[in-house]
Each structure stands twice: as structure tokens, then as C-alpha cells.
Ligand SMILES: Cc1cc2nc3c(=O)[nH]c(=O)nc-3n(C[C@H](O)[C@H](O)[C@H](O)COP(=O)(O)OP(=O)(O)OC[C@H]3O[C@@H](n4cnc5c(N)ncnc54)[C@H](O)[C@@H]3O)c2cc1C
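One chain comes next, on its own, written as C-alpha cells: the form predicted on its own.
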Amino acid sequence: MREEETGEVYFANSLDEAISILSDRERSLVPIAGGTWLMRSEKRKEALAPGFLALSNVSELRGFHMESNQISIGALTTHHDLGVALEGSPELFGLADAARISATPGVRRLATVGGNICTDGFHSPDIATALLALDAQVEVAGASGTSSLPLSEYLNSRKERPLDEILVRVMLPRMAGATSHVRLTMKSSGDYPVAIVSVGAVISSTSVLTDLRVAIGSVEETPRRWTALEDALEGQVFRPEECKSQARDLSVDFNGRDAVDAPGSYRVSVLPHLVQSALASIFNQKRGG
């Protein structure tokens, strides 16, 4: 990276200090945590920001707490640390798998949960997609105070969020049932996936699907829930081919994005198979397979 293109870096030592620095609009600073996306700006031919605010010293953004009714994940939790923290939690297998298989081992030790959620230009976020299937909420803090909102709402409003706002943590309600996370890459595990499916569901002793949650990532610019499919399969007996057929019929819901790794039509076309695989994984978990 050429020296003249490097933005100035500021460091904050507390959440209040970080908000105060970001509130200075003349600086136009961009918050940075693991930096795994920003460090590739030049490769994407994107201009560097005038300056950056490093959040690595802000202790309020750290921590992982698993309570009886809720899980709290600090925004600075890395993918690697999240995967380790979720070991032995079968109901969170999908999120743990997303943390363990995203990107490469080196990137997973730097990339953070907060970065995966906040990076608007990154269209293939495994963690954000898995969190959508868990009905996650996010806590944000800014000059106007602290508030919480659904992750889906946050993802769809990222371009309009206040510039002094910082994502503090993610909260997950403890839920019954099982989860799974599947993704398709074109070449190797280090590639960005062309499509991601994360699901959560309860499967009864008679194989009936309830509390179904299906989240789709990388197909469109922003991950989202596939509510039409959730509604169609809710209360149905799990039959793999019928689930795949329903997904195929409802895939007109998506307007796939075209990119160098795959055309939008291909991303949409693989969704039925990925949905079938994700649901089969949950069914196998129930059977102890």
C-alpha cells in the first residue's frame, strides 16, 4: 500500500471515547476492528477513508456470556473465538459451524462478529446469516444513547446509521431445537460462498417441522430471512424432496446478484439443494447422526 494513500489511525480506550471521536464529523473516521475487509480496499479499487478509529482497546466490545435465557456476544469476538466458545452447544451448531468454516484460519483469528455485521459492502457474511436464523438482536451505542434492534433491521439500515454509532454486542435468545449452516463455494474453502443457507427448527418425534427459521446469505446484497419458505414448511412433516421442491417453487423470491464469482441466476438455482442439505443436517442431529 502506498504511503500517501494510508489514512490516519486513531485509538480509543473506552466506548465513550470512541463515540466522542466519531462524533467529530470533520475527521470522517471509519471504525476498524479486525480490518480483514478494509485491508483489501486497494484490491477492490476502493478509495481509503481519510482516517480510521481502531476499536481494539475498547473493552466494552469484548466478552461472551451464555445465560439460561440469552447469549451475549461482544462485537470484537473473533470468528475463531466464537467457534471455540460455542463448542458443546448443539442448539448453536449452525452458528459455531459458520464461525469455524468462514474464510481462512488466519482471517478467522482477526475477523470479528461486529465487522461481519457492519461491513455493508461485504455480501457473503457467514456469521450475520447464521445470526439471522437465531433471531439475533444487536445493541448499538452512540451520542444519543444505547438501544437494541433486530439484526435484520440493522442490516437493512446500515447505509443510514448514525456516523457516531458503534455496534456493541449481539444478543441471542436461547431457543429449543437445532440449527445448521451450509454454504457453497466454487473452488475451495477459502473462497467467498456463492450462496449460504442457515436454518433453525424444532423437529418433533413424528418429524414435523416447527419454529422454522431460514436465513439466506450471499445470494442478494444483504442477508435476509426466507419467510415465504418458512411459512410454507411450518407444521409440515420433514420430507427432503418435498422441502427441496417447495424451495424451488419459492425461489422466485430472490433477485440474485451478479458478481465475478457467479451470476445471480446460479446463486438462486442452488438454494433448493442447500435448503434440503441444511434441513437434513438438523434431522440427523435429532437422530444423533
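So that there is no doubt, residue numbering starts at 1 and follows the sequence shown. Keep in mind that what you see is a predicted model, and the values were worked out from it rather than measured.
The form predicted in complex with the named molecule is left out here; the points below concern that form.
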L110: touches the named molecule in the predicted complex, heavy atom cutoff 4.5 angstroms: yes
M39 within 4.5 Å of the named molecule in the predicted complex, heavy atoms: yes
Interface membership of A75, the named molecule in the predicted complex, 4.5 Å heavy atom rule: yes
Partner proximity in the predicted complex: S152 to the named molecule, non-hydrogen atom cutoff 4.5 Å: no
In the predicted complex, segment of 65-73, 230-238, 29-37, 255-263 with a heavy atom within 4.5 Å of the named molecule: 29-37
Partner-contacting position among V138, L212, I166, L82 - heavy atom within 4.5 Å of the named molecule in the predicted complex: I166
Position in contact with the named molecule when the complex is considered in the predicted complex, options A178, A103, A96, M171, heavy atoms within 4.5 Å: A103
Triple contact flag N116, F122 and R183 to the named molecule in the predicted complex, non-hydrogen atom at 4.5 angstroms: yes
Partner contacts in the predicted complex for 44-59 (non-hydrogen atom within 4.5 angstroms of the named molecule): L55
